[in-house]
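As structure tokens, one chain now follows by itself in the form predicted on its own.
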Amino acid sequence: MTLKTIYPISAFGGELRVPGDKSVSQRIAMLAALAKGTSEILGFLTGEDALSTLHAVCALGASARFDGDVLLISGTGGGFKEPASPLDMGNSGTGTRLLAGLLAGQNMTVTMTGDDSLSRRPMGRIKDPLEEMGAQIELTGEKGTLPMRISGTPLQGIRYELPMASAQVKSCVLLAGLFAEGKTTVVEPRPTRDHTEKLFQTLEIPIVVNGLEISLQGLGPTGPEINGCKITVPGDFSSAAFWIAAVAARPGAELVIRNVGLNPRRTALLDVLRRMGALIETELDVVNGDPIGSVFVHGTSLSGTEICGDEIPNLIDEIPMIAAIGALAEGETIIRDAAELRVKESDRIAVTTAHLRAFGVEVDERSDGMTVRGPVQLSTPKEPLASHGDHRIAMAMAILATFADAPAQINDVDCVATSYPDFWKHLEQLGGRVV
């Protein structure tokens, strides 16, 4: 387990390009693997989660290779083949839940496994709708968790009202619907990430979006006819979020991030930071599919705010970072309706609360969130902070450590490679010091 020491810094900022979007990379890998011909994908994320998904689709019959910065995926032309061994999904909850949807209607039996962290995450939320469609899903873990055995069967389209706002469950059902007979409709309680819908439109897979209802007409066991394509993965906004927040809360600092995804279903963090007083501007370069552009940040003093309701699904990954920045803002930063954080790679509510307290921050923990009181002159934790194998916890606390009064240590940071292999290099590129 790797330990990093992060030093306080004053000057911080510059210009940066973040790695490709993890969620988009995984979805493209799956659909390109089903396509006829070869797809050329520029900007595919080489983090462990995306590569786990890529390895899985190759085990299902696709082939892939990198040619410089371009990933070439030769698809199967319509259906997967039964893998010789269980699919190891590593730490990727997105890859597992979405791929399960594609496999549910295939005429084969597949077992999906993952690392210790993934094996604690709930899978019943996809099992229920897939079984409504006729799938045979067996969760062999102790608490409705991995390993998951999928015995492919003919599927029927359903109308499914999501019990929680989850882009992963929505996408799982829609992907299963491609191989179902009849119409599949998913109804969301709140808007969530729409990368799957936008990718369907890019690949000319018919889909109808009507507010919170998303529908498609299934094509039965043969599935859709997808042609290989050329596509660019936008820079990952969730990766950019760490730098945006770090500079927004540092008066006098400036930052430009280029080629980043600006899908409105992903950028609620910008709205939150602007409410806190942040000086942020955006500029769009590509408007078709997933919007891509630049973010300009000018650091200033921030004030606390409240985050709840419909905002939560579209900044769920950024909440640990928001809580950390709340410690630097004037007044209270209140986070509600975020109970989903309890079942991420770690219990992000409990872990974030404990780590903020270690920095000397006053925090009230609730079942669905927390209240953070600032501003605080951060003291350095007496002991190394544990990441709990959670990449976003490790990165959020690393950013917060740059504001502390002495070097801080974070243990078990290898997990950062799941989504952002260049994080430490970029931290130093922008002026940080890491040992």
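Note that residue numbering follows the sequence shown and begins at 1. Model, not experiment: these values are computed from the prediction.
The discussion below concerns the form predicted together with shikimate-3-phosphate (S3P), not included here.
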*State yes only if every one of R27, I316 and K344 has a non-hydrogen atom within 4.5 Å of shikimate-3-phosphate (S3P) in the predicted bound form; otherwise state no.*
yes
*asked:* Using a 4.5 Å heavy atom cut-off, which of 111-119, 222-230, 160-168, 361-369 contacts shikimate-3-phosphate (S3P) in the predicted bound form?
replied: 160-168
*Since exactly one of T267, T94, T184, T333 fits, which has a heavy atom within 4.5 Å of shikimate-3-phosphate (S3P) in the predicted bound form?*
T94
*Could you tell me which one of E340, D271, E311, E197 places a heavy atom within 4.5 Å of shikimate-3-phosphate (S3P) in the predicted bound form?*
E340
*Indicate whether shikimate-3-phosphate (S3P) has at least one heavy atom within 4.5 Å of a heavy atom of K127 in the predicted bound form.*
no
_Is R193 part of the interface with shikimate-3-phosphate (S3P) in the predicted bound form - any heavy atom within 4.5 Å?_
yes
